[in-house]
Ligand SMILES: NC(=O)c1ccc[n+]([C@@H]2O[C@H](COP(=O)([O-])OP(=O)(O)OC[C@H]3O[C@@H](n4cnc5c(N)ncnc54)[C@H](O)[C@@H]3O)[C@@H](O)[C@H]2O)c1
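Read the single chain below, which is given as structure tokens and is the form predicted alone.
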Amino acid sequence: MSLYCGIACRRKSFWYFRLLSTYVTKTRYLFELKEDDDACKKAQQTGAFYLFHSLAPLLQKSGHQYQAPRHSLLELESLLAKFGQDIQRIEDSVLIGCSEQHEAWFALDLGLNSSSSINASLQKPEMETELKGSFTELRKAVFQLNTKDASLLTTAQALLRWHDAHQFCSRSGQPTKKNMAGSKRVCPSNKIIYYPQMAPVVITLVSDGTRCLLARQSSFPKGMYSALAGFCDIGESLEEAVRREVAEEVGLEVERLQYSASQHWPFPNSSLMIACHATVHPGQTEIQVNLKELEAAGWFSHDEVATALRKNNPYTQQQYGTFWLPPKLAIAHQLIKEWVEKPSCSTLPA
């Protein structure tokens, strides 16, 4: 009987592990690479590299879509040698993920000044010719990438930018040293460890029950309206940040709010976008736009927003209506779509 139970338990454990193995083993593998420089260097031997130049990723365009080519370590070493670069430059790469088969993915910027090599940055035109692609501003291309590449490239750009801006210790002023994976920097003189950080930002879609409030800043593309957004202040809870931002920007007092989702956003620097729905009292909806923060704001009906969602295409945005919405990849789009599809977002519980 005890033998039977032992076999049954092992079988149950085996199948339970099989159900979790893909995600758990992948996560633990990435953790190992972040903590063990030797393991990370070994992973580079069979890994793939995404290339950047001055924070712009190398892309190849096909129609209205972009693709991000990947390069093996051997191809990268050959490229560096061809342009007279030390292969030690590869140590400036950062780990950005891995496949389910544990192929590690890295990103390397060939345009930023190298922290591990005395060589100057590589010239962009020559690189583009050799690589048969173009280094394209990520903000311009991100909405024309597939979801996987968009996620990897925004993560890569955020990490590369952070390392470029944090090469010295804020306490000692001495140069800091990146670990192999790029998950941290350490000051050799005082052992202080610095980790990449994101700034929390609340993005809130306000409703009065039948309409939602959309606004635009002068920096937005012409005709685009979005939800209200702002950085959290030190000491604030998310709820306090939402109420303050809505009051500051449009002069309204939030009655109820509800968390929706979150998203990393790399522009202009790394932010954690925390999306919420909020309602105001139907009798207190007069907008007072803070012109230091916004260019315009207004109430839009369910039908107006639903129509904009159906026609929301960045290639034809100038051909219809008076306003358009953020593209699908942006969490603002998802927040607005959720409001249109779920009437409960307009009447949140007390």
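No experiment lies behind these values; they were computed from the predicted model shown. For every residue, the number given is its place in the sequence shown, counted from 1.
We do not show the form predicted together with the named molecule, though everything after this point is about it.
When the named molecule is considered in the predicted complex, only one residue from Val250, Val94, Ile203, Leu138 comes within 4.5 Å through any heavy atom, namely Ile203. This chain is displayed alone, yet in the predicted complex one of Ile87, Ala199, Ala165, Ala261 has a heavy atom within 4.5 Å of the named molecule; that residue is Ala199. Using a 4.5 Å cutoff between non-hydrogen atoms, Gly230 counts as a contact of the named molecule in the predicted complex. Using a 4.5 angstroms threshold between heavy atoms, Pro268 counts as touching the named molecule in the predicted complex. Mapping the unseen interface onto this chain, Ala330 counts among the residues with a heavy atom inside 4.5 Å of the named molecule in the predicted complex.
Using a 4.5 Å cutoff between non-hydrogen atoms, Glu293 counts as a contact of the named molecule in the predicted complex. You can rule out all but one of 97 to 105, 242 to 250, 170 to 178, 73 to 81: in the predicted complex, only 242 to 250 has residues with a heavy atom within 4.5 Å of the named molecule.
Taking the partner from elsewhere, no residue among Cys212, Thr279 and Gln288 has a non-hydrogen atom within 4.5 angstroms of the named molecule in the predicted complex.
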